[in-house]
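Before any questions on how it binds or moves, here is one chain, the form predicted on its own, in structure tokens.
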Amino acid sequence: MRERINFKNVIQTVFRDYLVLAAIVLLVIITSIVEPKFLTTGNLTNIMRQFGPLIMVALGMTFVIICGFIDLSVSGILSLVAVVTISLIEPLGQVGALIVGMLLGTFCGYLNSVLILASGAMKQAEALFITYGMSTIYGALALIYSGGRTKQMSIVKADTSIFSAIGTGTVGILSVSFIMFLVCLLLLYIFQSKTYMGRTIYLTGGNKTAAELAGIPIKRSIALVYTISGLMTALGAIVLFSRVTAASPVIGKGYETNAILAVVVGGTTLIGGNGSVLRTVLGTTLVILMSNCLNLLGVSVYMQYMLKGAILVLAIWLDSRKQL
């Protein structure tokens, strides 16, 4: 006897797996018709460079959300890492500044997890307020450290060739920052899908109580995802200030919203236990393309903020509907 096809499940699967991809294709087609400059080599290279900072932050955010938490501290971490790293190029050299910057971001992420675990904040809403508070602290430290001034790479007397390569360098048709993203994506995908700790993150996000009863080290999983988020945010900060050749103490403003938008639009569910870094790539691509298209079409920045907010609300609403 032939099995009946459940069209509802088929539609839900297509909606979940291919809607973002269809939106990307549609956006590219419409914009290339309306604005021919969209498909020029210069604009595509610009899109690749814009892609780097956000995707780094969003990839780290993906693991936090899969684990059933949220991280609003990324904007503060990004600002702090940017101003500290650029200021250390002269005394420590490029490599030393890079290492300190990545260690600082990693430590900030780990500190978030320590505070969350110490306070017993095992719910997403509780982690939201703790990381929001930490974002304020990190942002204030960035302002204090920099004296509220933007640090320009052009006035740095030491060699900055590594940062210049990250910001504007290319290997063939690919920008250096895009290659960095591909390497990070590969490593994180292997970690997510092929390792024991990667699987424990999904189990922790799916049901913390059941995971703990099954012997899953949920505290270690929580510490790990926030540490990864801090490290990836530090990489995003380095890519960002290398591209704009300056580090402002508020350079990370708005990145937490865009990262969450990219992750949720990509299909990672906010309740935890389900998601993928590959989906986040699609979500980030849509967010970056949308911003680029709106800029080319002359849409005001304020209208862009409104559209992004509306898309985030819609994405969260659709995510909640999928759980019913």
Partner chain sequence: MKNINIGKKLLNIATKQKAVLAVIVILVIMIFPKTNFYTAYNLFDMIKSVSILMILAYGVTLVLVAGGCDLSIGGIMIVAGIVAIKLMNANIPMWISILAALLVGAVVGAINGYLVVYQNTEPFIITLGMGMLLTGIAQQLTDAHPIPCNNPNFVKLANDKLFNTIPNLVIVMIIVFFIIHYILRYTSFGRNCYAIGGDYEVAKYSGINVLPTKAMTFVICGITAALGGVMLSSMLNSGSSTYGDTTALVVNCGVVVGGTSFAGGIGSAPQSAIGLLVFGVLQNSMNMLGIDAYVQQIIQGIVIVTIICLDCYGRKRKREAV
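Numbering follows the first chain given and starts at 1. Predicted model only: the values in this text are computed from it and were never measured.
Omitted from view is the form predicted together with its partner chain, to which the following refers.
The partner is absent here; in the model of the complex, the one residue of Gln124, Gln152, Thr168, Gln94 having a heavy atom within 4.5 Å of its partner chain is Gln124.
Between 26-34, 43-51, 277-285, 295-303, the stretch whose residues reach within 4.5 angstroms of its partner chain in the model of the complex through a non-hydrogen atom is 295-303. Ala223 falls outside the set of residues with a heavy atom inside 4.5 Å of its partner chain in the model of the complex. Its partner chain is not shown here, and in the model of the complex it never comes within 4.5 Å of any heavy atom of Leu21. Although the partner is absent here, Thr136 lies within 4.5 Å of its partner chain in the model of the complex, judged by heavy atoms. Its partner chain is not shown here, but in the model of the complex it comes within 4.5 Å of a heavy atom of Ser119.
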